[in-house]
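Just so you know, structure 1 and structure 2 below are the same protein chain in two forms, each on its own as structure tokens.
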Structure 1
């Protein structure tokens, strides 16, 4: 495993982190056995993963509870990140939410405390003041953001500095490269990448749009005519699967899986601190953790970038995976 500094801090995190949303199970992920969740966290630790990301909003705190139980006796080996929900961004609500997260995680300090989504009804300065108070009290080591677009991030930087911005980023979702990534690099804000395998599209599991079940075919890659989509766009299904085919070819040429190559490409991008890999079973996190050791040749990185450039241009500058211009939640 390779390790990187988190933003401007002295906190060292594994390049591959474990995203813990799926540990909550429920409607989004289906049934999840807690014993499997705990075994997966232990497998991650044994593979060198020290960075775990959760949120109070994942299963109404259940993901935090499971992670807390899984890390019992091994908390000293880890960096734990969680998030405060948009409904709790008022000053006192932030303080109370943090206390609840500390209890569920069975810890005295949260290493990285993030705003899950910008609220825009409570003044950002009020929320940030509460986060700084928690840091001054020693209950939080570092302050981060999540899903902050160029507008929200620019507003935040007039108030103070955050260490990270957690964003959707993958070979098939490169919208942050237009504006947000350059801003993060300039301000030494670490990028934490979520959905690095684009909901399975970059694992090689699907070879055509028709093979993707409706529940997963809701992103802006797919037609507005697919069930349950929130956007009103035509999508770019043909271009997306042409790019996937090319990524598959490039991966085969270097003798590695699409998943490992896709994560390794992300880790080579400017400003990236860590890639968040969701996992529900030990074998899933073991495989993804191996990507941290894969160094791609410059010509391979360039070929992968070129293979997905058309998709990047067609999808435009909005970082919202699911919502079009009218429905997008980023600003």
Structure 2
């Protein structure tokens, strides 16, 4: 495993982190067995992963609870990131949400506390003051944002700084490259890449859109005719699956799995601090963790970039994976 400094802090995090959303199961992921979840966290630790990302919003706190149970006795080896939900951004609500997360995680400090989505009803300065208070009290070590676009980051930078911005970034979701990534690089804000495997599309398990379960076929790659889709757009299923086929070929040509190659590509991109790889089974995180040791040749990186360029252009500049271009929640 390779380790990097989290933002400008002295906290060392594994380049491949484990994302714990799927541990909550639910509509997107389907049922998830807790014993599998705990075994997956232990496999991550054994593979050198020390960085775990969760949120109070994942299964209404259940993901945090499972992570807390899984890390019992090994919490000191880890860096735990969680998030306060958009509904809890008023000053006192942030303080109370943090206490609840600490309890569920069975810890007395959150290493990275992030605003999950910008709220824009409570003044950002009010939320930020609460986060700083928690840091001053020693309940939080570092402050991060998530889903902050140029407008929200600019507002933030007038009142303070954050160590990281957690953003959707993968070979099949490159919208942040247009503006947000360069801004993060300029401002020394570390990028934490979420949904790096595009929720399984980049693992090679699906060869056509029809094979993708409905809970995962809600992103803007898929047609508005799929159930539960809220973006109202035609999607770009044919181009997405053509890009996946090309990524499969390139991965085979270097003798590596698509999942590893996809994560290694991200780790080679500017400003990327860590990749939050979701996993529900031990073998999944064992595989993606190995991507930290995989250095792709410049021509392989270029070929992968080229293979997904058309999808990038078709999806446009809105980084919102699920919301239509018109109601995109990024600003």
Ligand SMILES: NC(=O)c1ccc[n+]([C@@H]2O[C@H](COP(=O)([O-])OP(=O)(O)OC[C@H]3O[C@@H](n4cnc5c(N)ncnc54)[C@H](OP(=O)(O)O)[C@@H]3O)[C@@H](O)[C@H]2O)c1
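Positions refer to the first chain, counted from 1. These numbers come from a predicted model, not from an experiment. We call the rigid core whatever largest set of C-alpha positions still superposes within 1.5 Å between the two forms.
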Can you spot the form predicted together with the ligand among structures 1 and 2? 2
On a rigid core superposition, would residue 210 pass a 2 Å threshold for CA movement between structure 1 and structure 2? yes
